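Next up: just one chain, as structure tokens, the form predicted on its own.
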């Protein structure tokens, strides 16, 4: 069931447009990530959803009701069903218990219920025993976890997380991701902004990519990564092999593109003579053993020289290969070792037709 819908939301500050006709929806229990660089409009969009800003135009619907048309108790009742955790959490004066209990006391929750909720929230964020700590003395990572606990005690339907891991080290970031998983187990719907590609892909059921206040693409992680609509989306989600060329042949749903001195065959409907932009992800670059027969799937064969080999985490390595096409290839370590690849060594590689994407500029 749909929880939230944005319809043609725009926002201007003076003559500067920071959001342009953004339309999005969020289902109950879904985690939607807003991915984009600084200045893309992510935080402004979150503030509009949370009614900290009013849009210049458009509608914000929560369970079918336009929040921008509500007033008084009706508006307050709906606003209390959502909560926002900011990038830099601010702690109230007093101890941790007071910080968590404050919102519940405003809602006139009985003290016994407050104690139960505070205890459970601190357990969920791994900070049991911090109740009497002065909140102003917490580290950045501790304050962020308390901010999550402060949101969770309110038992909201919608949680807005604005760049929650930006200033955290990898260990604390992993803890925050664990907290988000627990929030989802409790049935909370979440919108999370981030500029981190891996975070968006790991956490999101769907990803909305923003650029300059405009919505570039919305889809599942697989759709956005493997079928990017534009060059910007491709680059921002890790498609680092991107080339410009001209179509020299187009027959039966396939075309041949000249990129420099190389000819690249791919599935696509571009017409002869068109200038196009195409890309392939580094993990889709296939290294070819020269001691086995080639098959029909080995299209777009090129010979190059390995210029650099760098770790990519886990058992993966990234190769920078020069030749008719300059490519980056992500391959398992054991493949590099088995093929005896090294900087300066020659390598044959293939760009699979079905993995090459035509991209809008």
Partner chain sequence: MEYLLEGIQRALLLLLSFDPYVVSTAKVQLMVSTSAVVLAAAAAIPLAVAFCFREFPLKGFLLTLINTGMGLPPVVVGLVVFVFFMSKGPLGFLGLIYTKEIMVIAQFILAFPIILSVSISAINAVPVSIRETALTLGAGRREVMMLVLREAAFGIITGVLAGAGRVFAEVGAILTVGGNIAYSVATEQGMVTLSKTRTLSTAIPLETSKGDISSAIAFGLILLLITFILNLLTNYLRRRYAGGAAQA
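Worth saying up front: this structure is predicted, and the values here are computed from it rather than measured. Numbering follows the first chain given and starts at 1.
Just so you know, the form predicted in complex with its partner chain exists too; it's not on screen, but the next bit is about it.
- Listed residues 76, 248, 262, 242 were compared with its partner chain in the predicted complex; 76 is the one with a heavy atom within 4.5 Å.
- Screening 258, 275, 107, 115 for any heavy atom within 4.5 Å of its partner chain in the predicted complex leaves a single hit, 107.
- Contact between residue 145 and its partner chain in the predicted complex is not found at the 4.5 Å heavy atom cutoff.
- In the predicted complex, its partner chain sits within 4.5 Å of a heavy atom belonging to residue 98.
- Although the partner is absent here, residue 187 is not a contact residue: none of its heavy atoms lies within 4.5 angstroms of its partner chain in the predicted complex.
- With a 4.5 Å cutoff on heavy atoms, residue 103 counts as touching its partner chain in the predicted complex.
- Just one listed stretch, out of 262-270, 119-127, 174-182, 90-98, contacts its partner chain in the predicted complex at the 4.5 Å heavy atom level, and that stretch is 90-98.
- In the predicted complex, no residue of the candidate spot (6, 62 and 206) has a heavy atom lying within 4.5 Å of its partner chain.
- Residues of 65-89 that come within 4.5 Å of its partner chain in the predicted complex, judged by any heavy atom, are 76, 79, 80, 82, 83, 84, 86 in sequence order.
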